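Given as structure tokens, the chain that follows is alone and in the form predicted alone.
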Amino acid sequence: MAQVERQKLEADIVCVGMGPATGGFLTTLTKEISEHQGESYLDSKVMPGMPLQVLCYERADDMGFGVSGVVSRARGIKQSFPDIDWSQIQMAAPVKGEKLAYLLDPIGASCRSGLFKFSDTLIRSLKAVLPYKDEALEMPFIPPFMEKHGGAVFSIGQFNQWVGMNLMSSGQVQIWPGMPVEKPLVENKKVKGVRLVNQGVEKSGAETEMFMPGMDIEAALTVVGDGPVGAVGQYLDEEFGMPQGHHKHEWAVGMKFVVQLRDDVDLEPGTVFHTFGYPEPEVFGFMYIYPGKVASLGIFIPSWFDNPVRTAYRYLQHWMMHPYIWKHVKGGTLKSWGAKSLQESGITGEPHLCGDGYARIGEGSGSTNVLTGSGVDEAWTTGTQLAEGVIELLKAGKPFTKENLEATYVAKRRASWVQEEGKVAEKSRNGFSYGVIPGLIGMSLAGFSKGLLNIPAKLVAPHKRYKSLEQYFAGKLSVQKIAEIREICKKANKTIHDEIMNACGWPEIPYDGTLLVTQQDALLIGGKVQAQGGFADHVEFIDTDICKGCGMQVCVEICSAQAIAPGEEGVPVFDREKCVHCGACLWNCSQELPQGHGVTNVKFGAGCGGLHSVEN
């Protein structure tokens, strides 16, 4: 084949990822450009006589790729849009009320400790004098650090659509969906832009007659807002390392449904439910009520949940069928479904925020606050802070060096509520290293003491804390029973979690085809995965010999859409036509590569497609 020349394009600023952080950055920057048209500091350096050339590349097929319902104080968002009218955004409403409930186990199948079992028994015996209803204990108040009073509930997908339409209509920025970025262009420790992924290749990456090398986008500033598992962010972490004492050991996979509720459900838009304790004590749940009797509801499966068969989908259905939730959603209709990884290390997982030619914003930059359960507003605010810093440097005619970005962007971030509240939350999750009860105590200590008190702990990477099935289910299932289940699933070449949960006493899901549907039907009804041809697979098992010797295969069990399945000789099989790009496989691989350094055997790279649903 004739060698195909790699094309190049020059811009002033290139952004990676069109999420809330980049939305905040571009909204602030385009306002400046629109309000000060003709000012010389906003002239393009690569296209003289033209305004700043600002490009944004997004992996997903459109700007409404978000897969999460959100409750947020929305402070940074409201600062960008002082007159925001939530009624003008689909699936959005001001917060009207919040409830926090501890869910008892109504089935008896949960792997609860003796203390949790005792608590359930005690609560039931005192239910006449407690705020007890439908196998749940409603807390008398919401901890102040969790309150979202004055904020809003909304869909990230719908919010991204709204923000993106505003940006595109301004004419000041170009947003290119369906264009995954392979890696940053790094030369002598300076980021000079990004490289898009190759096209016209087989799934293996082998070139075809349609091969087209990914274009190089060169820019004075690269804005990295590609989320917790983005390929560019991963590359920078490997290239520049993490600051002293920082790590990314705290993760969760969030999975949710969007449900059309029954007509007789009288929950007011803006009502928020937080739950904990069920289906397993480690699992947290949420339900947010939107206008039009639509609800977003889901669960979080955290990295410190030591169950190696941590299937989120079935746990989500059991959570939804808890009497406390089921009374509201029973008889509803599934409209959409989604999942994503959450980087919960917060400020401890903060990488180098900037360097020569680049800056990092959003969740991948460590902005998520796990104490308050908030990330979107923090991400948005880091984007606005970077834009303000960039505008300062443009006015001063200064280059985007590490020193200059630290003096503007990083300084603003350090002086803001994002930093202040992030420090409070910094060690709030340490207690979960010892179990659920110490974790809840640790969160309370940190929250009520403003971070002065916490439970000391040395956090370890998820792949270093997995228990075997025999260890985790000791007292619940015998070694012989587990061996029998392993053999059955091996012969059937299927995942093990359903058989394990059945053996533990979890009832089968009573599928009705409307609300309670199989995982694959949820993918068809609500996920609408799209994976274009001509791109290489973005999930790779680096050393298949390691896969053959893996006795856990947590990557298979956790996969949000069953895109990773058992394969021959123990080597998993990946099907990108099902992948929703949640990235859970990246941090749920239980096998570290021989060179160590925390790198596991799953590579999650740049890829196209993923969920495509405006209702997410």
Partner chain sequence: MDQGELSMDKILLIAHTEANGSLSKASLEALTCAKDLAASLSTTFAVGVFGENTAKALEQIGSCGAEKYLSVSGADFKDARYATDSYAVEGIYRKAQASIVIAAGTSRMNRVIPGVAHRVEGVAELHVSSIAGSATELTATRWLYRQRIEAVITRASRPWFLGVDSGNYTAWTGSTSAVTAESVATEAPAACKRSKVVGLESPGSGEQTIKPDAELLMVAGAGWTKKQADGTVHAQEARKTILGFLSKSGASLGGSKAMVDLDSENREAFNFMTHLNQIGQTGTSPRHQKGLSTCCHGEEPHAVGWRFINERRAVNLDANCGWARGKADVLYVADAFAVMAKVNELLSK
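Numbering follows the first chain given and starts at 1. These numbers come from a predicted model, not from an experiment.
Not on display, but discussed next: the form predicted together with the partner chain.
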Would all three of Glu239, His249 and Glu350 be in contact with the partner chain in the predicted bound form, where contact means some heavy atom lies within 4.5 Å?
no
Exactly one of Asn307, Ser416, Asn454, Thr518 has a non-hydrogen atom within 4.5 Å of the partner chain in the predicted bound form; which residue is it?
Thr518
Which one of Lys402, Lys99, Arg195, Lys203 is close to the partner chain in the predicted bound form, taking close to mean a heavy atom within 4.5 Å?
Lys203
Partner absent here, but in the predicted bound form, which of 28-36, 570-578, 584-592, 546-554 has residues with a heavy atom within 4.5 Å of the partner chain?
570-578
is_contact(Ile542, the partner chain) in the predicted bound form, heavy atom dist at most 4.5 Å
no
Is the gap between Asp83 and the partner chain in the predicted bound form 4.5 Å or less for some heavy atom pair?
no
Using a 4.5 Å heavy atom cut-off, state whether Phe118 contacts the partner chain in the predicted bound form.
no
Leu524, heavy atom within 4.5 angstroms of the partner chain in the predicted bound form
yes
With the partner chain taken in the predicted bound form, which residues across 491-507 come within 4.5 angstroms through any non-hydrogen atom?
Asn493
